[in-house]
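Listed next as structure tokens is one chain, alone, in the form predicted alone.
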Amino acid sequence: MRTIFMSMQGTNLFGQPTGFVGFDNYARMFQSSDFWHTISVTALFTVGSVVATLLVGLAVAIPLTTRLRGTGLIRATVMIPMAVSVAAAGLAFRSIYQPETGAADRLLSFVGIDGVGWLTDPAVAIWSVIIVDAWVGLGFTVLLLLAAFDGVPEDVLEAASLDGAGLLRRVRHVALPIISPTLFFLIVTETIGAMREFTAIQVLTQGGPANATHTLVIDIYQAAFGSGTSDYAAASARGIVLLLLIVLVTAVQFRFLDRKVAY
């Protein structure tokens, strides 16, 4: 209620409310081209992060479902991102992304690719941040996927194998439908997490370069604390919009994806 109240107030240079202004803060926000750029960046970051996390999570989890020697150690190793804070991961990847001296540039130099602006090129920076966000969420995603795969009945997989289904067909047509509740849970929670992500972006790019990673959460922070003034009213209006967007996207996911889940 305090945020709704502030979003309809004017604000002085010290962040104090100066009186009721109705929906003026919302009107200015929706009329700004910068705001719509921020929404598009938020959408790209959210979709990229969720897709990357799930695809990499599946690519890691499926081989680990086999009971071979050493898979237990690999399972434990994959969980390491869960023990690392987002800020620490951001600082580590910031070092990896350093031009010329960073590990990323050194590795690419072996295949003849030099001078990638991981955090300085507007066309690349958003993907660099998505990689970090996907890495941070990888441990949790793999943990849930392994638990779900372990719950797939062995006799069902054996029956599919006797019918001539190869590994990919067993995964696609047998295992994935059975673990669809877990996939749906991950899609919803990862989407909400990506839309609210702040730490990784702030540590890596602070919304730059050229606003290429300027998501709505970064916009809220900079409106409230980062532009030399404390425009709490504008920040509150953006906060309300973010809340409504999360509710809307979650409702759409339940409306269209929930029917595909095999409970």
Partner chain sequence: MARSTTVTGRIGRLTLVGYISVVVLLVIFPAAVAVLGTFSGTTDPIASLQRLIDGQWTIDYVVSAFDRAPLLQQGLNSVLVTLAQTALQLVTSLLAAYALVFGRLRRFAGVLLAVFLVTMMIPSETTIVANYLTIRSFGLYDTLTAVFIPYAASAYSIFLLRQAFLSFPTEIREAALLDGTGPLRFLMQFLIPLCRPAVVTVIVTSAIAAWNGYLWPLIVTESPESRTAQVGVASLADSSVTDIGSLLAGTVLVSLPTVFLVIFGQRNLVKGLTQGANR
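In this text the structure is predicted, and so the values were computed from the model without any measurement. Positions refer to the first chain, counted from 1.
FYI, the form predicted together with the partner chain isn't displayed, but the following is about it.
Student: Given that the partner is absent here, does residue 87 sit within 4.5 Å of the partner chain in the predicted complex, heavy atoms only?
Tutor: Residue 87: yes, in contact with the partner chain in the predicted complex.
Student: Contact with the partner chain in the predicted complex for residue 66, defined as at least one heavy atom pair within 4.5 Å: yes or no?
Tutor: The answer is yes: residue 66 has a heavy atom within 4.5 Å of the partner chain.
Student: When the contact criterion is heavy atoms within 4.5 Å, does residue 118 count as touching the partner chain in the predicted complex?
Tutor: Heavy-atom contact with the partner chain at 4.5 Å: absent for residue 118.
Student: At 4.5 Å between heavy atoms, is residue 247 in contact with the partner chain in the predicted complex?
Tutor: The answer is yes: residue 247 has a heavy atom within 4.5 Å of the partner chain.
Student: Would the partner chain be touched by all three of 59, 91 and 147 in the predicted complex, meaning a heavy atom each within 4.5 Å?
Tutor: Answer is yes for this spot.
Student: Of the residues 176, 74, 160, 187, which one places a heavy atom within 4.5 Å of the partner chain in the predicted complex?
Tutor: None of the others qualify; the residue that does is 74.
Student: Note that the partner chain is not shown here; using its position in the predicted complex, name the residues of 180-200 with a heavy atom within 4.5 Å of it, in sequence order.
Tutor: Contacts from 180-200: 182, 185, 196, 198, 199.
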